[in-house]
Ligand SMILES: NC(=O)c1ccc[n+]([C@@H]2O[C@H](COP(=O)([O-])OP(=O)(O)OC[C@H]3O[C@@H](n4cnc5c(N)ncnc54)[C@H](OP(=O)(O)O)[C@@H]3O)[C@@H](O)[C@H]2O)c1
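Before any questions on binding or motion, here is one chain by itself as structure tokens, the form predicted on its own.
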């Protein structure tokens, strides 16, 4: 861990007091900074600000910027650029400020209008899901932050991440979107995959599917992180084409909406199993044949 010198105590403004902004704002306050202003539109944001940012005045975005030395932007990816540009057009940014955004998908380019006004731009993305509750603060301990910063600003970025309890990981501007795609593919799609499995177990009559599947999922995740593709198990990696065929038949009958996802994941599993030497070419052919869509026949114009 670096011994970067922490920034001076700063007046912090949070634009977007949602699940991420309110928690990171609280983390900065816990580190000794002064969160003096925040903006939030929804009722949930107002309540989170009252709970986690009690010393902050709720103000419009331009007034938050005017009051702060450090501005934390925790807004949706697609609105971030317009917000930064709009604040630049109204002359809200001033030289010497620090602006942080928490978007994983964006790097520094989206902050260019602020940087042009002399603001120090930082992209600090916490690699964690948030609920917007005080429990999130405990989760920040040791969490990686994907950091994009100019070389001469790295010390400031590192110090702020460390103050919030995180660990900085440097992400070049050119691969910021790829970095975020990897995280979304792993975390967001995992939630979808787990809930699909739970739904199927309920359809199969399992009364407590969470209790049944939790040990299996935890072991699979642990093995994957430890052993990579060597952790692959199941009918695809064994070449059990008959079992895969029966799976598809049951899904067609009971959960047709799940068929495309099952086929896509099974094909990708087969590809990785072949590359890792877990699935021999002789066994791969029948499995891949089962997973190949059958053309629709008999339609005439």
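Residue numbers count along the first chain shown, from 1. A quick note: this is a predicted structure, and the numbers were derived from the prediction, not measured.
Keep in mind that the form predicted together with the ligand is not shown, yet the notes after this line are about it.
Name the stretch, out of 42 to 50, 238 to 246, 63 to 71, 265 to 273, where some heavy atom lies within 4.5 Å of the ligand in the predicted bound form. Selected stretch: 42 to 50.
| task | Check each of 162, 83, 213, 120 and return the one that places a heavy atom within 4.5 angstroms of the ligand in the predicted bound form. | result | Partner contact (heavy atom, 4.5 Å) among the options: 83.
Among the candidates 201, 194, 75, 140, the residue which, in the predicted bound form, approaches the ligand to within 4.5 Å (heavy atoms) = So the residue touching the ligand in the predicted bound form, by this definition, is 75.
Partner contact for residue 126 in the predicted bound form: the ligand, 4.5 angstroms, heavy atom
Residue-level check for residue 126: yes, a contact with the ligand.
| Wondering, does residue 224 line up within 4.5 Å of the ligand in the predicted bound form on heavy atoms? | It does not: once the ligand is placed as it appears in the predicted bound form, residue 224 has no heavy atom within 4.5 Å of it.
Subject >> Heavy atom of residue 169 within 4.5 Å of the ligand in the predicted bound form >> reply: Close contact is absent here: in the predicted bound form, residue 169 is far from the ligand, nothing within 4.5 Å, heavy atoms only.
*Find out whether any non-hydrogen atom of residue 19 is located within 4.5 angstroms of the ligand in the predicted bound form, and reply yes or no.*
Output for residue 19 is yes: heavy atoms within 4.5 Å of the ligand.
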